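Just one chain is shown here, as structure tokens, and it is the form predicted on its own.
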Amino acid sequence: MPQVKLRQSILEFSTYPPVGDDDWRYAFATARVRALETQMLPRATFQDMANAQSFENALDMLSAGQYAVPKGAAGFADIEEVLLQRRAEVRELFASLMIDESIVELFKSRDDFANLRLALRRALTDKPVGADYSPSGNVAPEVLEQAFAEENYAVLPGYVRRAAEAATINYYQDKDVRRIDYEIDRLQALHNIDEARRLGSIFLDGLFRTQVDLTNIRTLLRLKFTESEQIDVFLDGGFLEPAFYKHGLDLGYEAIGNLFFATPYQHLVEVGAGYLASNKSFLKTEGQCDRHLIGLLKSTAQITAGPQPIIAYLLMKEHEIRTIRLVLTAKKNSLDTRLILDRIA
């Protein structure tokens, strides 16, 4: 292995990046989310849902809590409505507790990029306009639609406008819709990291860079599995350089873990690559990436007061909602219990 790649893999922390210092402006807000964290579903609940004999039995395990489906409701659409309501509530709580409005806007931009992805796919591939845009971003869906209808991107925030223009250019290179996703992912990651540094947030910088690394690990294993020649899709901005992952494409599944020996990701990669090689599935990779990110969020417990625990609660609660949806969807479709457990373990 070239020495330059080895140096790139050595980080200044062993497991998770630092979370920063206390901010006593958030004393009340931190106490509030600490209390709410005790009401979150324990891991054992998801395991019990996965082991339930049927979809109905799994759903019954949520009947006494905030995820209970109203009596008389039928169908998965009713469950989805409850989950979307809970997500909207936690986002509203986050906005109300966050003193720094710029942080609220930063997390709302996630929906802006998601909406932009849909708008570009529809505009560039001549698909009909849908009604599934999220209303929770900084840019209202109707403003985004109007901007595309009139081809007037000037009304959009700079980060949305730049992403729209760059993704359009990349798409027309070979009219591959995947290039829309790659370019939006790239610019969203850079936007997040730039904003974290502008805000002077050590925690957000480490969080977003970790997310880039986890995305690149997923990409590395997917490229190997599909034997794809698209090696220019690794994201910039993580703790590990894109060249590091490109080097991993030349290694066998059994050797990839050793490439990450000086990083916090060695066990994650070894488990994911081993499972992929033997089961032809990314379930363990996704589960391990989730676990690592949740571990980083839980490390904010060392903060007595600050925005870090508020951010962590938002992301952990969103993860809880996604996991409920994942398990119930799997049970509804009679997916093998072992596979569900492999994904959420």
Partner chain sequence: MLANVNATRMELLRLRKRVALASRGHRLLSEKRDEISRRLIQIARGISLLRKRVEAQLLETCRRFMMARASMEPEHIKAALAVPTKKLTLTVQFASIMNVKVPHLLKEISGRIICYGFATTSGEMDVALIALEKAFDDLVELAEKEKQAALLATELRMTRRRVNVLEHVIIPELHETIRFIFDKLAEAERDNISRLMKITDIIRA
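Residue numbers count along the first chain shown, from 1. These numbers come from a predicted model, not from an experiment.
Same protein, other form: the form predicted together with its partner chain, not shown, and the subject of what follows.
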*Even though its partner chain is not shown here, does D48 get within 4.5 Å of it in the predicted complex, heavy atoms only?*
no
*Does its partner chain get within 4.5 angstroms of any non-hydrogen atom of R25 in the predicted complex?*
no
*So, in the predicted complex, is Y182 in contact with its partner chain at a 4.5 angstroms heavy atom limit?*
yes
*Examine L283 and determine whether its closest non-hydrogen atom to its partner chain in the predicted complex is within 4.5 angstroms.*
yes
*Residue (of E105, E241, E270, E80) lying close to its partner chain in the predicted complex, criterion heavy atoms within 4.5 Å*: E80
*Check each of R197, R91, K246, R161 and return the one that places a heavy atom within 4.5 angstroms of its partner chain in the predicted complex.*
R91
_Using a 4.5 Å heavy atom cut-off, which of 304-312, 58-66, 38-46, 273-281 contacts its partner chain in the predicted complex?_
273-281
*asked:* With the distance limit set at 4.5 angstroms and only heavy atoms considered, check whether A95, E142 and E151 all reach its partner chain in the predicted complex.
replied: no
*in the predicted complex, which residues of 201-231 put a heavy atom within 4.5 Å of its partner chain?*
T215, R218, T219, R222, L223, F225, T226, E229
